[in-house]
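Here you get one chain, nothing else, as structure tokens; it is the form predicted on its own.
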Amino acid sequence: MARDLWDPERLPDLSGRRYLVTGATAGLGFFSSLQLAGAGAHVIMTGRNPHRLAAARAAVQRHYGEADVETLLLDTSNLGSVRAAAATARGRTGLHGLLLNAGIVHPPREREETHDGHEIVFATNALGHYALAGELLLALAAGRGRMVWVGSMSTSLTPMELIDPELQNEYTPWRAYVQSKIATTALGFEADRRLRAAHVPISSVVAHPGYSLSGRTRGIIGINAPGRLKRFTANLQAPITQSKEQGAWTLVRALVDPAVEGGQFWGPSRGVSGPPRPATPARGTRDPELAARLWNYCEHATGTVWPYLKASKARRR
């Protein structure tokens, strides 16, 4: 087997390349943005809170004084916000990559709905990203870009049929999170199948960050400041965890490495931690029939039809 020469701490020069990262104000999204900016990329950091966005941008620029970074308000749980942000982002030059990272990791104890009437975890983690990717498809095609959907180890822990995507019945926080990540992963694979079939020069990849904890992540003002108890409990789990910065390694490689292929699934080398490598997704997320039903659901729930795929459908009639 050929030696893997990828070094997550020494990325290739990304000057002249443009990436949009959702959920960039903390955690995996922030560290992905930091790594991209450090390699010379132009990074559009998005988030729901303007003050946290300003703090995140300032933190990147403290690390890299020459960082080419801008901010953009985007709430993936709100379809109006998704469309407004996409209109701003695509109104400029082409996009080389889209990191679909934003998400709710700790769901509410009781089922909640968004302004649009969707279950909040599914809307934030899956529906909003489906809509955003569709709205930015033309910009990605112009840059011959790549979209990366952020999956989770949890999809291997709980087999689940997406009969009730928004959990109108039998809601639990754990089920809401896992189901949203099964959906996100399945959508990522289905996107690649459909883009290939329509001969669109965009690849779709899924990546998961392993078991990455803020308690094992360095402190950064305005970004990550875990207390002593969180540090203590995270360090007790050191053999099976890693920092958010290390978790971002996999997402960034999936986004920028020319050797990564559409339809692949990437994760840490040791499953929960380690350098990025190709991995095996949970069986349920690879079911084309389930993915096609889910795609149809998202298309109708968001009112978003991906443009090239719409043209492709029209030609087949």
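Residue positions are given as counts along the sequence shown, with the first one as 1. None of the values given here were measured: they were computed from a predicted structure.
Keep in mind that the form predicted together with a small molecule is not shown, yet the notes after this line are about it.
Among residues of the shown chain, Y171 is not one whose heavy atoms approach the small molecule to within 4.5 Å in the predicted bound form.
With a 4.5 Å cutoff on heavy atoms, V105 counts as touching the small molecule in the predicted bound form. Of the heavy atoms in D75, some are within 4.5 Å of the small molecule in the predicted bound form. Within 4.5 Å of any heavy atom of the small molecule in the predicted bound form lies no heavy atom of H42. Of the candidate stretches 174-182, 161-169, 188-196, 138-146, only 174-182 has residues whose heavy atoms lie within 4.5 Å of the small molecule in the predicted bound form.
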